[in-house]
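The chain below stands alone and is given in structure tokens; this is the form predicted alone.
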């Protein structure tokens, strides 16, 4: 089994620098593994073993419910279920799918939780890694049962339904963001008023790391040979997520094919757009939009961002390897605040 699934990429450098702070000012940190990746939570106040355990327990519950690698998960059981029948799920799963469907509609299908079979076909899922593109006829066959329109969701009682028997869902492009938001709620309910949460590179913050100093996070350069920040930003009471093509890919005949598959064509997104970062109020929304906008490409992504008042940064890769960055008006406004 691969340790990193298709969208569990560490696209952020969580800097949270604490230079100049006294030991008493340093946050408590709890780390671990979940969803095929890692999590890191920093919060202020006395270390609380019960809270640390609650953080880990909630993540493991979500992983057990949302994983496509575990045959007993809700997602796996739904994928194996019959068509045209309501399948009972938890309220959490229904909530995630409902938001996913909303963003699918608003992005004209660029975000699609049914794209998993195509991801598997290209070798970026749980199966064996591929070193060349699959046959075009197989891509067309998988496309015949990919489409967010094949999924229905209801909230009361929570359940999912699919209209095509071969349709399957994969929530990995939105689940990390949801996990971050769940931990945010947990910490808020525990009375913690300053924290930074990261799950697999998706981040959300509350308060400041020190008095008057917001948390600092870095947007990573979309390059494969080293890790460095393209831009460092202050993030306060907000979430940020990135989707990129530079950590999980293969090259064939001089062409790079990334893990980010366009659900409308069945092919990986072009390699001229290295990454898209989205700042939003919650991490689940940022997570899903980052994937949708990467699929859209730079011009359409910027238009869609303006239409939906999204704060986004697009980093493009030129033919000479030079990186250029484009910001939506909402993102640029945040930098000026």
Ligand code: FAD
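Numbering follows the first chain given and starts at 1. Keep in mind that what you see is a predicted model, and the values were worked out from it rather than measured.
Although it is not shown, the form predicted together with ligand FAD is what the next lines describe.
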property	result
Option from 232-240, 104-112, 86-94, 208-216 whose residues, in the predicted bound form, bring a heavy atom within 4.5 Å of ligand FAD	104-112
Exercise: residue 291 in contact with ligand FAD in the predicted bound form, heavy atom 4.5 Å	yes
Ligand FAD contact in the predicted bound form: residue 36, any heavy atom under 4.5 Å	yes
Contact of residue 263 with ligand FAD in the predicted bound form (heavy atom, 4.5 Å)	yes
Interface membership of residue 259, ligand FAD in the predicted bound form, 4.5 Å heavy atom rule	yes
In the predicted bound form, the one of 183, 196, 171, 168 near ligand FAD [non-hydrogen atom within 4.5 angstroms]	171
In the predicted bound form, the one of 66, 301, 279, 41 near ligand FAD [non-hydrogen atom within 4.5 angstroms]	66
Residues in 273-301 close to ligand FAD in the predicted bound form, defined by a heavy atom within 4.5 Å, in order	287, 291, 295
